[in-house]
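Here we start with a single chain on its own, the form predicted on its own, put down as structure tokens.
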Amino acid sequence: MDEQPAMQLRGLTKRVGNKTLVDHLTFDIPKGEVFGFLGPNGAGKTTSIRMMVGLISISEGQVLVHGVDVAKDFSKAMQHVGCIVENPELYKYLTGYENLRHMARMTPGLDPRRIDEVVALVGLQNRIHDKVKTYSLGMRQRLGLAQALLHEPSILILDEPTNGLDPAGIRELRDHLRKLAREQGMAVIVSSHLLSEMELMCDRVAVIQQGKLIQVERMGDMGLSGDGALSTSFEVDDVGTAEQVLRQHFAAQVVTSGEHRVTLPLMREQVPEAVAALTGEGVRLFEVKSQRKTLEESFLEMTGDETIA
């Protein structure tokens, strides 16, 4: 069984003059995974994607597609890659089917029946023979996705694919991408500023800031503290006493307080211990709530509350 990652970044770096836009990114993207790129404005997400698909030169490092170096053998590497960077390029005066047929002619050896396959895959059967100028933005995105899938790539790269889509369009796109990863074993790489959608869409995310990799996390772990603790909040009658008690019993944890609430990260089995400590000191409890952090909370912690994009 071939365990080689679909794509590997090894020290990927981009410099323009004295400025480093992307600084030694290194991580692997396996097959069958939806992988997200997150970062504040100017973090280097789009620059990284442009290097990954050969649109701009690499200053240092490598991008390997199934072991093939993009810089050394671009044509062979790109045989495995479908991508949409910014908006899909479409001829609006042609029908959707004519757009796909035109693209198919530029792909040597492509079976014409593949057009019908990708049309069904993205759910455009009912409108594929209408002119693109009559399409909604969501339908154009789906047609662009069909174009990117025509040559049966094993890697799909999308830069901000949900821009301008309404909630229904975003959900459709999300479902399509997860289906491609799950059913066809495709590696899907997505850059987006919509954190809630990335949380629903992605298996893992890479967080980058000022061109550097902060961390790569599995989505199920993004809402957890480093030791697996949950954010636990206690609604109490005496915040001062509650904070003092919790600090004494859980000295290693950071305790924050607000009006009628104290909050700290606790393991699940520590929650009864905290309740017993509080009630033992005469603190009255009205509510105990444990929850994972949202992706947004985790993201803002990692990037220092910088604006996302």
Partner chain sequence: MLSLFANENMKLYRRPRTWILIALMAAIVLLTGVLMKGHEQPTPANWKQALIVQNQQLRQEAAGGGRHLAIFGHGAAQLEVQIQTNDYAISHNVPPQQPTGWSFSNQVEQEAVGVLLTVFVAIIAGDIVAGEFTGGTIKLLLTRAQTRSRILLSKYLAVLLFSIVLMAVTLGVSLLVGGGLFGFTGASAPYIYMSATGHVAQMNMIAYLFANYGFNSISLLMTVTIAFMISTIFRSSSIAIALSIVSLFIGNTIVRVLSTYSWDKYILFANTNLAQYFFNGPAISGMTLTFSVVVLAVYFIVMNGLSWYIFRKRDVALT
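On a predicted model such as this, the values are computed, not experimentally measured, just so you know. Numbering follows the first chain given and starts at 1. Only the largest set of C-alpha atoms that superpose within 1.5 Å between the two forms is called the rigid core.
Not on display, but discussed next: the form predicted together with the partner chain.
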Please state whether every one of the three residues R50, C83 and M103 places a non-hydrogen atom within 4.5 angstroms of the partner chain in the predicted bound form.
yes
Does the partner chain come within 4.5 Å of any heavy atom of L55 in the predicted bound form?
yes
Although the partner isn't part of this model, could you tell me whether N126 comes within 4.5 Å of the partner chain in the predicted bound form, counting any heavy atom of the residue?
no
Taking heavy atoms only, is E98 within 4.5 angstroms of the partner chain in the predicted bound form?
yes
Is V119 close enough to touch the partner chain in the predicted bound form, meaning at least one heavy atom pair within 4.5 Å?
no
Stretch in contact in the predicted bound form with the partner chain, which is absent here, among 145-153, 208-216, 182-190, 169-177 (heavy atoms within 4.5 Å):
145-153
Identify which of M78, L110, L137, V239 has a heavy atom within 4.5 Å of the partner chain in the predicted bound form; exactly one of them does.
M78
Work out which of L195, L230, L158, L90 lies within 4.5 Å of the partner chain in the predicted bound form, going by heavy atoms.
L90
Align on the rigid core first; then say whether the Cα of L173 has moved by at least 2 Å between the shown form and the other one.
no
Comparing between the shown form and the other one on the rigid core: C-alpha of L156 shifted by 2 Å or more?
no
Cα displacement of K92 between the shown form and the other one reaching 2 Å, rigid core superposed
yes
